[in-house]
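Only one chain is given next, in structure tokens, and it is the form predicted on its own.
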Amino acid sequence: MKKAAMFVTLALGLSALSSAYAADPAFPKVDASKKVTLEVWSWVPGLDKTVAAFTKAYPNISVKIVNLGGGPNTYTKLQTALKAGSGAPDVAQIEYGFLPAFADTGGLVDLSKYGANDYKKYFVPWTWGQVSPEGKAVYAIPQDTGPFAMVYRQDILKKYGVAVPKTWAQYAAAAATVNKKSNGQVKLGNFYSTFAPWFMALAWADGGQFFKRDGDGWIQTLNNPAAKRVLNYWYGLVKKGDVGTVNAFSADYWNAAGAGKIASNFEAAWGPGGYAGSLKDKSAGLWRAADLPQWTAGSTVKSGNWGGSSNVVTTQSKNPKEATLFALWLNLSSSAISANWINGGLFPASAEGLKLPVLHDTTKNPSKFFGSQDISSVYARASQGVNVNFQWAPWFPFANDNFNKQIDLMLKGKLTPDQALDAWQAETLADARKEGYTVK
């Protein structure tokens, strides 16, 4: 059996801080006389400028930023380096869902050795569960998050006489109304059929658990009750023609959203920045954000998460103490959080970071694009409603790809939603066992 040590469950005007934001925490002390150079792999825009404040505070530490673009290119190179025992950076950015696969290589430092657990209290609770699932070893420092909320065209809902849905039953009724009154020309929503984490975030909000550590092994339940409820719900909307299935982030999607052919969607906290950047003047000022609809009317806001990243320190680092300091500073320093929001749209994992004035500046995008609404407050509320116990497994990359296969068959009418989830469960389980994991 492999040693699976992990499962896993956004940056910001640099100077104007208010009294609502507490002072930066006291960071770990390092030897100021020791000259150190840290290599950091990250795809966060403008990070080379952000770290200027760090090197000013710690002049003995130089930071070299390497941007490999994120995604498969970064992960493949990092996995190769970790397995080879050389070529890895001191610090690397890894998304929560892919963190277990890297921890499983044994190439990540347990940051608790350098006092990381002392900083748990500064982060939104659920994010710490992503990097320290058993509450002891800490495999990364949380960086940014993607709690879920609804984005919608206020003008279109008003045109068709529907209120902002607060429950999923209301959303289905509103979708039917918009479809009927527009003669099928406008869809209230859109089902993202090729993004497992989008679907999983909706099930996460309903208490869905897909992976769980069980002693030295694992329990996998991709076909859990919440997943079945969510997929059957969306399949029903798709079959009725009440929602679309346009590929996410495609030109077709942005054209439809800008033209008012898609009136709402469910997006992570980093999503609104994509709307502002991709749509520009098209429909600017017409969008708004609201809480995720709930299954039970009047219940507290529950949400899931899509995306978000962490910063790891590799065992190849010759300066793990300084690397840990950098990872903590990058994600708890008000100047770094502010810069990362402004330059890259990273919605912070820091609890105090969520209060920074720059996140709530409605004169700048993405809030300006959303009719000058303080959308960060909506997403901050969503972040507090994310289930802290959600876990990921090391073989999630396979599950991620296999999801697309099963959903494609479902949309072609070859599988029911339950059958699609059962096949996803069975094929992913077989692959995990083939790779040497003890899973049931």
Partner chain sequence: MTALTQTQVADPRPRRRRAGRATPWFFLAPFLLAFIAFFIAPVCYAIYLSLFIKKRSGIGPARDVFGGLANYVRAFQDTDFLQSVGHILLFGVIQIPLMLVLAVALALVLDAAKGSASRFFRTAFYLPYTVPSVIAGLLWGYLYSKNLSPFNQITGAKTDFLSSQIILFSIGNIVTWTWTGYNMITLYAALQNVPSDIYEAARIDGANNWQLTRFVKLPLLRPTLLLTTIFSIIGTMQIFSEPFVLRPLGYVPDNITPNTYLYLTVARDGNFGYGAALAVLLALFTLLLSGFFLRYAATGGES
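Positions refer to the first chain, counted from 1. Here the structure is a predicted model, which means the values were calculated and not measured.
Missing here is the form predicted together with the partner chain; even so, the following discussion is about that form.
Chemist: Although the partner isn't part of this model, could you tell me whether residue 351 comes within 4.5 Å of the partner chain in the model of the complex, counting any heavy atom of the residue?
Modeler: Answer no; every heavy atom of residue 351 is more than 4.5 Å from the partner chain in the model of the complex.
Chemist: Given that the partner chain is not shown alongside this chain, does residue 206 nevertheless sit within 4.5 Å of it in the model of the complex, heavy atom to heavy atom?
Modeler: Judged by the heavy-atom cut-off of 4.5 Å, residue 206 is well away from the partner chain in the model of the complex.
Chemist: Is residue 299 a contact residue for the partner chain in the model of the complex, using a 4.5 Å heavy atom cut-off?
Modeler: Because no heavy atom of residue 299 falls inside 4.5 Å of the partner chain in the model of the complex, the answer is no.
Chemist: Does residue 405 make contact with the partner chain in the model of the complex, using a 4.5 Å heavy atom cut-off?
Modeler: Within the cut-off, so yes.
Chemist: With the distance limit set at 4.5 angstroms and only heavy atoms considered, check whether 153, 184 and 346 all reach the partner chain in the model of the complex.
Modeler: None of them does, since no heavy atom lies within 4.5 Å of the partner.
Chemist: Which of these residues, 246, 226, 276, 162, gets a heavy atom within 4.5 Å of the partner chain in the model of the complex?
Modeler: After the contact test, the surviving option is 246.
Chemist: Name the residue from 371, 397, 28, 70 that puts a heavy atom within 4.5 Å of the partner chain in the model of the complex.
Modeler: By the 4.5 Å heavy-atom cutoff, the listed residue in contact is 397.
Chemist: Tell me, please, which stretch of 406 to 414, 56 to 64, 375 to 383, 38 to 46 lies within 4.5 angstroms of the partner chain in the model of the complex when heavy atoms are compared?
Modeler: One stretch meets the cut-off, namely 406 to 414.
Chemist: Heavy atoms within 4.5 Å of the partner chain in the model of the complex is the criterion; list the residues of 179 to 209 that meet it.
Modeler: Stretch hits: a single one, 194.
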